[in-house]
Each structure stands twice: as C-alpha cells, then as structure tokens.
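A lone chain, given as structure tokens: the form predicted alone.
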C-alpha cells in the first residue's frame, strides 16, 4: 500500500460520516497538529456541507488563534466573518464559529451550576484556595473540556461541534476525567481533611496526625483546606450526575472521535494505543488523519533505481557538467554533492517506507482514513485551514502555499 492509498477512497464516505454526527472529538498525542486538523475539518464542513459549525479549541498557538479570529476571546463563540472566506476564495454554504476554552471562566460557571445555592457558590468562589486548586486540579482541563462540550451540545445552537482536546502526556486522560472527578469526591484524602472539622470529636488515632499537620502546615491552612473541601462536597451530586451525562454523550451514536497522528515511531505507537482504547471502551472512531506524511513517490521502486544510478554515475556526470559551456566546479566537488543527494533520497525513502507500513497498520479495518502531506511553513490564515481541510477531503494540495499543519 502506498501512502496515497491512505486518503479517503471516496470523499462521499467522509461526507456521510460528518453529516450523521453532531459531535467530533479530536484526540491524539501532543505535537501532531491535532488543533490545526480539528480547526481545518470544522472550516471544511462549514464551507462544503453547510450548517452552523463550532470549533472549540484549547490553548491554540497564536498564529492559529489569529487565523480563527480568537484574539482575546474566551468561552463565548465568535463567528468567523464571511469576508474571511471570501478573501480565501471560498463561498461557504454554512457558518463557522470558534471559541477558546477559558479555564477560569469555565470553573466559575461550573461552581455556579452545581452549588446548592447562591450563598454556597459565593463562598466557594471567594475561598482563598479556590483559584489555585481549581486551576491546578489534575486533569482539570480534560474535565472542563468535556463539561463545556456537554453544555454546548445541550444548548442545541450548532449542527456540529468539533472539540480539540487539551494537550496531555496521556491522550486517554480526557476519557477518564469525568470518572476521576467522581473518584475525587469519595477519596480518603478528602475524608481525612474534612471529617475532623465536621465534628468536634477527633478520635485518638487521628489526633497525632492533625497535631503534626498543625505544626507543619499551620492550623489556619488546614482550616482553609477543610472549609474549601466541605463546600466543594456540597456539589458532589451535581458533579456525579453531570459526569454520567457526559459519558453518555461520548457513547452516543451522534458522537465520533477524530484521531490525529504523525507517522513517526512514538506518536504512531500512541495512536495505535488510543485506537485500541477507544475500541475497548466502545467509543466510535470515525476518522483517522495521518498528518505531515512524506510523499508516496519516495517509495516508488523506479525512483530508488534512479537514485542508485545517480550515485553510481556521480563521477561521470560531474565530469560531463564540468566540460559543458562555461565550465563548473571541480568534478570531485560536484560528484560528492551528487552522491549526497542520492544518499539523502535513500534515507528519506527508508523513512517513507516505515511510514507506509505504519499507515497500513493504523488504517486496517478502519472506514475513513486521510493523509495530510508534509509541507514546510505554518497555517496562518483561514485560507491555509481550508487547504488542509480540502486535503483531508482527498483533494491534492495546491502548490505555492507553504504551511505545516
């Protein structure tokens, strides 16, 4: 299988997939261009299929935020103006919106939603430990991203939500975030911190612990911690119920996952693990995008024969060039350059061959797989995003625009 065969054999299959879904969750390891691919797919859907499409991204690079018109914008969605499409030479059938997850605003909204009353919400928001703990909560971004996804889906304002998941050392963190939040409310640490302050009676076994903790941390810090977590536990019922609802949405037939990877060894291995984990959890993987792929021409046997012939005849070709009109560099210098070019081609061919094998393994038994070829440069505007989206749709990239998804 050549790398070219990893592109969608029939773009109609991609259209059918996207048309049947309301939520697309982009996942993959860091550094593979996941945010760019997610935004490009959303832009392509809005341009080609119509409807109202929202791309929710997390911590995008500044150039991508500028391309989406996200400068200084948080949770509130902003429409990409039609003029931006027109400048890219495209007349969209639908509307494209973008939002950037704001952790601070999202946590505050979460507290107001799940607190039993306004008074408790104000106490939590004003607690001196709240801002530090909530902003640094383990897997906090993952949980907030899934929470925000659910909220937007429930609002029903958009035909398609494309969610770029937070950067993480473990791509599965986003799937585990709701259950981890539930586990947090029943953790022994939370019980140890709050039980003594719920009652004036401290048993003899636990008294030494709190005496030492008072000396090391200070009684006021312990009191502040206890106050915060006691208040936080009042939201347990809401958090647990919401986590279950988020899990149902992820398993819903209207939700699919977009797995983005490069064909390097480490991201490729993590993509295989992610693919297996999604299957194990019965989560639908609808689209696989192999990003920054080397050209299929590198694996052409005729090209390798040409490189070998070039290397073998380097000396003769160098002398021929030197004998031409106007002369040229010394034949030995030219021969070394020709041999280096041939050797470089062979090295790239080996990498491309390994990529081809990994692409075959990733795309086996999978319905829709697309490749985005490697090109230098970066996506800096909507036109660049639309070009990446067109490539995902199976179109050949247009020459002349330099970018790296």
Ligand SMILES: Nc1ncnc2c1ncn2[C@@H]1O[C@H](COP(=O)(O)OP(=O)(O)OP(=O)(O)O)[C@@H](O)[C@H]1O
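None of these values were measured; they are calculated from a predicted model. Residue numbers count along the first chain shown, from 1.
Omitted from view is the form predicted together with the ligand, to which the following refers.
J.: If we take heavy atoms and a 4.5 Å cut-off, which stretch out of 352-360, 46-54, 334-342, 372-380 is in contact with the ligand in the predicted bound form?
T.: Among the listed stretches, the partner-contacting one is 372-380.
J.: Which residue, 292, 284, 153, 236, is the contact with the ligand in the predicted bound form, using a 4.5 Å heavy atom cutoff?
T.: For this set of options, the contacting one is 292.
J.: At the 4.5 Å heavy atom threshold, is residue 368 in contact with the ligand in the predicted bound form?
T.: Outside the cut-off, so no.
J.: Given that the ligand is not shown alongside this chain, does residue 67 nevertheless sit within 4.5 Å of it in the predicted bound form, heavy atom to heavy atom?
T.: Contact check for residue 67: no, nothing within 4.5 Å of the ligand in the predicted bound form.
J.: Quick one: name the residues from 16-36 with any non-hydrogen atom within 4.5 angstroms of the ligand in the predicted bound form.
T.: Read in sequence order, the residues that approach the ligand (within 4.5 Å, in the predicted bound form) are 29, 30, 31, 32, 33, 34, 35, 36.
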